[in-house]
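First comes one chain, alone, set out as C-alpha cells in the form predicted alone.
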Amino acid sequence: MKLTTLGFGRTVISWMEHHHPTPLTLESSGWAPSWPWSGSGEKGPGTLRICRTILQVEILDAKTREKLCFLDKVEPHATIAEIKNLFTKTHPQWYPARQSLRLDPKGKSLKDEDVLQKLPVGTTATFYFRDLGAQISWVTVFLTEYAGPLFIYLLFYFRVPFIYGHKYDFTSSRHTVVHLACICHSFHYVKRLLETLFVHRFSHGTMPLRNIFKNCTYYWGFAAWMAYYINHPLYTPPTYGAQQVKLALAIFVICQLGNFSIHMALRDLRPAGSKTRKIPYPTKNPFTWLFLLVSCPNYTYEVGSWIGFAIMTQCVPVALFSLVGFTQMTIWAKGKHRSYLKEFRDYPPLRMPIIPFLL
C-alpha cells in the first residue's frame, strides 16, 4: 500500500492505492468521486478522499490598508459580485456598484464575473477596496444629458422672452435653414433618447454621480451656445445658399442612418442581460460595411452628422462642438480598438479606430 498526494488547484486529493487499484473517476459537477463500494458497505480496493478547500477573504482599504471585512468559509466558485454583496452586509453604505475590488492597491478593478478560484490568490484571498463614490445609472445619465439640449434648443428657436429682447419674443425666423436646423437638431436628440430606452445595452449599469454634472455642462452648454447664434434675429444664412444646405442635409441624414444602423448591429451582437463581447462584423445593411475599415463606425457617423450640421448652419459654435466631440470620440475609439486587439487574436488587421486608413 502506498500514499499518493495529488494537487489540483486548491483541492487536495489523497489516494490510498493497493497493489491492484480500481480506477476512480471524478464527476464534473462537484468533484464527487464514483466510489467502488463493496457489499459490506466498506470502500473497495481503491479509496479516493477529496477535501474541498473553503477559502477565506479579507478586504482591506486600498489607501490605509485597514482591514474592513473578513469573510470566512467562502466557496471557491464564488464570484466577485457575490463577494461584493457579502461585503455590503457589513458595510451597507458601500453598495456593490460603489465598490472597486482589486488584487493590488493600485491595480485594475476586478470584474463582477471573475471567479475566486481562478484568481491568483491563496487560501486566504486579500482584496483592496476603493470607494467609487455615489453612482447613477447610465440610462438616467443619458436621458438627462440628451433631454437637456432638446429642450434648451427649442427655447431659443421659439425665442422665449428675455433671450433676444422683447420685440423678438415668440417671433419666427424668415430663413428656411433655421427651421431645418431645428428639425435636424431635435431629430438627433429624440433619436438618442429612444435609443437609450430601447436599443442600447450597457455593459456597466452605473457611473459616478459626479459625471452627470460634467456631461450635462458639455451637452447643455454647447446646445445653448449654438442655438443662440443659429436662432438669432441677425443670423446670416450659409454663403452658398440652398446648394450648401442640401449637401449638408444629405450628409447629416446619411450619417444619422448609419449611426442608428451601427447601434442596432451592436445591440444584436450582445444578448439581453449579457456582458458577452464579440467582434462586430458588417451585416447585410450597407451602412454597417464601415466595420470593414474602422472599429467604432458609430463614432465615425456621429462626427459626420455634426460636420454636416456645421456646414448647414455655417456656425462657429457648431464647428467647435464637432471638434471637441471628435477629440473625445477618438479617445474612446482608440481605447475600444486596443481592447479588441488585446481580447481577440483574430481581430481584422485593416481596421483603424475611427477614420479609415488614418486614425
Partner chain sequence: MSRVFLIWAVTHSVKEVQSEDSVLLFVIAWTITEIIRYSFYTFSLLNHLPYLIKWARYTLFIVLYPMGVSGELLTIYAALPFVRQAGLYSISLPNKYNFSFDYYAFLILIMISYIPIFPQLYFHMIHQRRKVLSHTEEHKKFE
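Numbering follows the first chain given and starts at 1. From a predicted model like this one, the values you see are computed outputs, not experimental measurements.
The following text describes the form predicted in complex with the partner chain, which does not appear among the structures shown.
- Contact check for W138: every heavy atom lies farther than 4.5 Å from the partner chain in the predicted complex.
- Contact between Y146 and the partner chain in the predicted complex is not found at the 4.5 Å heavy atom cutoff.
- Contact annotation for T313: at least one heavy atom lies within 4.5 Å of the partner chain in the predicted complex.
- In the predicted complex, the partner chain lies within 4.5 Å of some heavy atom of L234.
- Between the options Y128, Y157, F287, W225, the residue in contact with the partner chain in the predicted complex by a heavy atom within 4.5 angstroms is W225.
- Shown without its partner, this chain lists F202, F187, Y95, Y229 as candidates; in the predicted complex, only Y229 has a non-hydrogen atom within 4.5 angstroms of the partner chain.
- Remark: of stretches 189-197, 235-243, 120-128, 67-75, the one touching the partner chain in the predicted complex is 235-243 (heavy atom within 4.5 Å).
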